[in-house]
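Next up: a single chain in structure tokens, the form predicted on its own.
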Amino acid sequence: MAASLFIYSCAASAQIAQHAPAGFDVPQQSSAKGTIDTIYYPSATVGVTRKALVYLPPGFSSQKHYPVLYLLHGIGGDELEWLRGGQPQVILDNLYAAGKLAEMIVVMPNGRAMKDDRATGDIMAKDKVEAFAAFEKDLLQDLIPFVQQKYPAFTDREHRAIAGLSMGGGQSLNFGLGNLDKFAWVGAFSAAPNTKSPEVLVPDPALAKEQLKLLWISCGDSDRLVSFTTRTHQYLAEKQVPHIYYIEPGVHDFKVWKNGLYMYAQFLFKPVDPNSYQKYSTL
């Protein structure tokens, strides 16, 4: 098979289009809507109380348990970036209305783990960039336990996913692949230069193959950062680690990231069926 084709670790039980259809991000008045909570959690890592947004699916019930997706923003954003630019609640509501999504909680945190975590001033300042790496500890030791205490969330790795855009895409690969005991589903949309080198991300390909339910990496073909996605894919293909490598026409913007979320979310928390692997080539 040509290297440009996508390699799959998982196939959803329903057909997934190769690209989001028109209107996928437009509110449907007739469909049930999820809700968005604002939570404040104590961060021992940072030493302050931090904020995150939580999307709860339509018909959310405290009487049953849900898997959780942690959805991360880019270097110039905060916990509101996805809502401002990506309308994830609309995308997910529409997928639920179409019966294409497993029920899940989606947490949108501020991935800049520092006391003043606002996206102001020089967003490329050394301390702010370092705060994105420090978020790994805040996520694992502070945020995830808080979410599990506040909501009826499953606590095992098979029911926990992570994904993000740009800097958040690099975080997702770094934190997800670096903590396979915590995450079984990992996705990156237009991963930024903070992404660790492939041999550091996946030092044990056999373990990654065994533990990953889905590894998704996508990017726009005209994105100046596409080389970071490509090098990760090339290493994974060489080591025969199943993954989705999805390159679409586009640049470094929400058009690409929204499509990434639309497609990635449909694979999550569904049975793996190796006999029904789908093959996608670059668009």
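Start at 1 with the first residue shown and count on from there. All values derive from a computational prediction rather than experimental measurement.
Keep in mind that the form predicted together with a small molecule is not shown, yet the notes after this line are about it.
Are any of the heavy atoms in residue 166 no more than 4.5 Å from a heavy atom of the small molecule in the predicted complex?
So residue 166 counts as contacting the small molecule.
Give a yes or no for residue 252: in the predicted complex, does one of its heavy atoms lie within 4.5 Å of a heavy atom belonging to the small molecule?
Output for residue 252 is yes: heavy atoms within 4.5 Å of the small molecule.
Residue 124: heavy atom within 4.5 Å of the small molecule in the predicted complex?
Looking in the predicted complex, residue contacts with the small molecule include residue 124, since a heavy atom lies within 4.5 Å.
Residue 75: heavy atom within 4.5 Å of the small molecule in the predicted complex?
Although the small molecule is absent here, residue 75 would touch it in the predicted complex, with heavy atoms inside 4.5 Å.
Which is the contacting stretch out of 202 to 210, 114 to 122, 185 to 193, 90 to 98, given heavy atoms within 4.5 Å of the small molecule in the predicted complex?
That would be 185 to 193.
State the residue from 140, 129, 80, 180 whose non-hydrogen atoms include one within 4.5 Å of the small molecule in the predicted complex.
The residue from 140, 129, 80, 180 that makes the contact is 129.
Can you work out which of 46, 225, 256, 54 has a heavy atom no more than 4.5 Å from the small molecule in the predicted complex?
Result of the distance check: 225.
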